[in-house]
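Just the one chain here, laid out as structure tokens, in the form predicted alone.
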């Protein structure tokens, strides 16, 4: 069986007991990595927040194998990377190794790892997905937020949203969570500028030492949102 382990957003202690046990039992752990070029643009090294989380859990780094996931909107490049990873996973499995593939956050929630999961599933290879903590849940807990209350509705959307969509959904009374915030910065700034009365909860690098929490619309409108950021927006509560 190939196990897909969700690591949570950044804090190693947010992994589940089941996920930790799978890591401890694994012979090889495949971790996604991004390329970092040197100052001369010739040598390439790799950075992996997932690998850092795994090592922080006391796992032997010798069992970690990095795979490069291109950071591009061209998803064809990512698919090719997962096709190559599928070859490596099958090779390891033929050697009767216990194989784990990790994902930050939850493996089934806006995670590109589904390319590999679906490919193995289609080939009738036994797979298991182990649940984890999505970033917005960890963010709400860190800030002491009740993200939704009573009969409120929650809408979680990627960074493809327009300003019109954001404003309309919030006005309808939905609590809106925007993942992949860096992809819709203009839309968010329009929402901030035209509706400063909304309540905004911005989170960056959740679960890490660089974690940041901002609620001031005037401060947010001047900021640039990195890849690991998210925003929760809600209408002000009506006074009885």
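Residue numbers count along the first chain shown, from 1. Treat the numbers as computed from the prediction; the structure is a model and nothing was measured.
The following text describes the form predicted in complex with a small molecule, which does not appear among the structures shown.
Colleague: Using a 4.5 Å cut on heavy atoms, which of 130, 135, 99, 116 is close to the small molecule in the predicted complex?
Modeller: Going through each option in turn, the one that passes is 135.
Colleague: Please pick, from 195, 189, 180, 68, the one residue with any non-hydrogen atom lying within 4.5 angstroms of the small molecule in the predicted complex.
Modeller: Among 195, 189, 180, 68, a heavy atom within 4.5 Å of the small molecule in the predicted complex occurs only for 180.
Colleague: Looking in the predicted complex, any heavy atom of residue 15 within 4.5 Å of the small molecule?
Modeller: No, residue 15 sits far enough from the small molecule in the predicted complex that none of its heavy atoms falls within 4.5 Å.
Colleague: Would you please decide whether residue 55 lies within 4.5 angstroms of the small molecule in the predicted complex, comparing each non-hydrogen atom pair?
Modeller: It does not: once the small molecule is placed as it appears in the predicted complex, residue 55 has no heavy atom within 4.5 Å of it.
Colleague: Are any of the heavy atoms in residue 48 no more than 4.5 Å from a heavy atom of the small molecule in the predicted complex?
Modeller: Close contact is absent here: in the predicted complex, residue 48 is far from the small molecule, nothing within 4.5 Å, heavy atoms only.
Colleague: Although the small molecule is absent from this view, report whether residue 230 comes within 4.5 Å of it in the predicted complex, heavy atoms only.
Modeller: It does: once the small molecule is placed as it appears in the predicted complex, residue 230 has a heavy atom within 4.5 Å of it.
Colleague: Which of these stretches, 168-176, 205-213, 56-64, 28-36, has heavy atoms within 4.5 Å of the small molecule in the predicted complex?
Modeller: It is 205-213 that comes within 4.5 Å of the partner.
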